[in-house]
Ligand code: CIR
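Just one chain follows, in the form predicted alone, and it is written as structure tokens.
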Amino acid sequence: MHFSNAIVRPPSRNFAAGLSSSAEGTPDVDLALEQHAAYVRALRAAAIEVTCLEPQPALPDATFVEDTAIVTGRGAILTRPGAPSRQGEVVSIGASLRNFHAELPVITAPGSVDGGDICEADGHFLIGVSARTNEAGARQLAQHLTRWGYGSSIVDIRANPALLHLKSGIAYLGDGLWVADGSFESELRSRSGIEVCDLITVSAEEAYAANCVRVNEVVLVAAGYPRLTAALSAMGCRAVTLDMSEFRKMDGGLSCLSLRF
């Protein structure tokens, strides 16, 4: 699992006008910008070439670039986000991805896919059907992936109210190691179509931190969750903690802030 590039976008000044179900208050935009800059520094320290796009004030959720595309080792697919207010975000992401991929298939209506619902594990993709990704979109995505020789499994998470996206509750860190929110552990084992060997189960108190990201030789994990950080270290991972408080207020996590490839 080696990445060379990432695409990011800093939050705009009206970041707080985006979609959120959180009850944690209004984000401090200046602090969010500082946290985003620290995130970019962490990517660059992991030997990633970072393309930093301009903020999009007309699209206050646009900092969560992961939802706009699925990027694989064999091609990239532009999504159709499930929230109508976010569908305009795809245009500029497509323009950026065309610097790397000549062909960019798209998810089309009535399908919807958010990138946060897609988790790759060694060439097999878990596709979460959620409030944002529907069955039609999941089927379209599976067809594109099949064309490139990838396998996929569709996992319906709509009965789990704790998960906005599939990757709100799980992360695959490579080398057979998974992290999962305890509320999703049994579903990962029984319905993913993947044999799960090494698993770190995250407690309810640290559930937000299940959205962690391996970037080459390090694992980025939200700051303030010491049990998960210790468990990662015990498994031989080099954990780098990043403050995500302002993005959490807007339902965002670490994986949401970049497209990595």
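All residue numbers are counted from 1 along the displayed sequence. As the structure is a computational prediction, the values presented were derived from the model and not from experiment.
Separately, the form predicted in complex with this ligand exists; it is not shown, and the next lines address it.
**Q** Just to confirm the contact call: exactly one of 103-111, 179-187, 121-129, 158-166 touches this ligand in the predicted bound form at a 4.5 Å heavy atom cutoff, so which is it?
**A** Only one stretch qualifies here: 158-166.
**Q** According to a 4.5 angstroms non-hydrogen atom cut-off, is L242 in contact with this ligand in the predicted bound form?
**A** Heavy-atom contact with this ligand at 4.5 Å: absent for L242.
**Q** Should R80 be counted as a contact of this ligand in the predicted bound form, where contact means heavy atoms within 4.5 Å?
**A** Contact check for R80: no, nothing within 4.5 Å of this ligand in the predicted bound form.
**Q** With a 4.5 Å heavy atom cut-off, would you call A6 a contact of this ligand in the predicted bound form?
**A** Residue-level check for A6: no, no contact with this ligand.
**Q** Can L259 be called a contact residue for this ligand in the predicted bound form at 4.5 Å between heavy atoms?
**A** Taking the distances in the predicted bound form, the answer for L259 is no, it never comes within 4.5 Å of this ligand.
**Q** Any residue of 223-256 with a heavy atom within 4.5 Å of this ligand in the predicted bound form counts; write them all down in order.
**A** Going through 223-256 in order - heavy atoms within 4.5 Å of this ligand in the predicted bound form - the hits are M250, D251, G252, G253, C256.
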